[in-house]
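Shown below, as structure tokens, is a lone chain in the form predicted on its own; questions about how it binds or moves come after it.
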């Protein structure tokens, strides 16, 4: 009996031991499997992010190149000066202000056949809700309503401060959303999951509403409508993509013109004004600062709150007004006097034009001067200007009193605009921001956090800076803040904490790079200001895929984009490969291959880890590079029936060429006219010291205009660059002349700000 029991215990012990060993093996295998998946996911993420940031660098270089040309070109006539200013600068003209009059949209008739949503002002909650439903059903808003909504939006925005103040006392919670980038499904999903905006449910959308996605117009209309319906509960911050120059490259300009072919120009011009009036940041309970990009070691919230943001139309071009040493010294003395007299704290609500009461001018005179014009002035106000400002302030106060009393406003007031003190006395044009003011805005829209201490230039994006935990802590202590909420960066989980949980990144565009690439997220804040993160996937397809399927799908997309990038630089790669092939045998080591690819593409990727996915065959530790480049070309040619050298040029330059086309097409007509081509060609010929006659330019335009309709469209423009490319001798691309490369041209620009 005892022996049988002992035997049973022995077998039970053996079974348990085998079970533990099996469990340990399964656990080890699972951990390795998950580690490999995570490594693939991170590597895929680095590919997408590196290619995205390389495109942003190209955008900055291209714009710097054109800015340099403009700064060093002397127009010979008024027409040339007007044309170049209209293309390459962001200054607004008096005739553009006519766009803002009611007659511009009131003169547009809505046909009886129109079946889309209708709007009437003032907007009601039902109007905004109807817009969401109409856009969900793929309906389009008529151009008349678009312009009317933009007009009302600007009227509201000009009354807002640079930094909005929001309190949790008046609503149950505040929801903060990050980048949407034209992805309407994400916005609809947020409203479905979290609820529509209401007096009890406030929202803050933190910039980058447009570009890349196909529904940027619809997103703007929904956001602007809810902001007008709930002005105290619905808030918008400006992002780096709310910029007309950025929109030229990343698709929003093209989307507007394709959806509104007749009135697209008016919509784009009006949007340019609306974008520059968007607030720069939002402050919740004076404790949580929300801004799009980040901060730097010179970020000054007091200065940001005083800047006339309407003057910074595009961040891409630093068109500034330089201060003299005497002006700067006068400003310093004035600031000292102002601080001694006890200026209004930066965190208190302040008017855009004057203090709320025009009679309280005595103790705040110096501070009031800098507040109203945003650029501190050394001189005092004259009687005429002071009278104009007081009258404007009184009218604003009366307007607020009428609205609070529930009285109807029978007379349409002229919307606030920059006062006389904000214009140059000689030219009558708007005074430009100083270098310091421009830098402040660039930093909060373009910067990214980093793990290291300090603050350094953001060379990866080409704008803004990288700021460390010490910079964050310094800002939080200076202004008595708890933490920062930012967006600007796509994160795999839709959010990410850094800097000891003092910086929270929120990104609301799910599946940003590819279906399954990332989740979207938003954060909810209650009175305790404890962040509650909500994650989601707006695309239903992702719910049917396993983790391995999602990663494989995203990895395939990333590698395809990377192979296109490699193919686009085939000629440069071949030249560098030959330098390492000393014996001229057509072979290089895999280490040399990785070094060459990084030296040409500058993507900062782990090429050794990526080699198995990019190099199919290699003899030992050697690579036959000509065969590898040929395989790259065949892969791309299988999808495009174009000669290899031409396709390479097109892949490398297409984004830059499309951006150049839209820059030259200054009236956004979708065509380049003969006059636009003539003026632009004079700019290039002046830079290259080449004398080109008008007859030569006309001959060039006729040769590019293949269908002979008198205009050059985007396809003809791209085809012209294809025809310029020379065919390389077989097997020797190093002897082939390089095609025109706007990207390379931008690299040598000394005119970068």
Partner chain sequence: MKMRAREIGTIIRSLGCCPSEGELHDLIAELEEEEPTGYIRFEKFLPVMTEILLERRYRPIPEDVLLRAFEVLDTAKRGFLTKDELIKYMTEEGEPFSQEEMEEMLSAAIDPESNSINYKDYISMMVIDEN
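Positions refer to the first chain, counted from 1. In this text, all values refer to a predicted model and were calculated from it rather than measured experimentally.
Quick note: we don't show the form predicted in complex with its partner chain, though the next part is all about it.
Student: Which pick from 548, 630, 608, 118 sits with a heavy atom within 4.5 Å of its partner chain in the model of the complex?
Tutor: Exactly one residue meets the criterion: 548.
Student: Given that the partner is absent here, does residue 20 sit within 4.5 Å of its partner chain in the model of the complex, heavy atoms only?
Tutor: Close contact exists here: in the model of the complex, residue 20 approaches its partner chain to within 4.5 Å, heavy atoms only.
Student: So, residue 38 and its partner chain: in the model of the complex, are they within 4.5 Å at any heavy atom pair?
Tutor: Yes, residue 38 lies within 4.5 Å of its partner chain in the model of the complex.
Student: Looking in the model of the complex, any heavy atom of residue 685 within 4.5 Å of its partner chain?
Tutor: The answer is no: residue 685 has no heavy atom within 4.5 Å of its partner chain.
Student: Does residue 552 make contact with its partner chain in the model of the complex, using a 4.5 Å heavy atom cut-off?
Tutor: Result yes; residue 552 sits at the interface with its partner chain in the model of the complex.
Student: Among 244-252, 483-491, 539-547, 433-441, mark the stretch whose residues have heavy atoms within 4.5 Å of its partner chain in the model of the complex.
Tutor: Heavy-atom contact with the partner occurs in 539-547.
Student: Relative to its partner chain in the model of the complex, which residues of 22-39 have a heavy atom no more than 4.5 Å away?
Tutor: Residues within 4.5 Å: 22, 23, 24, 25, 26, 27, 28, 29, 30, 31, 32, 33, 34, 35, 36, 38, 39.
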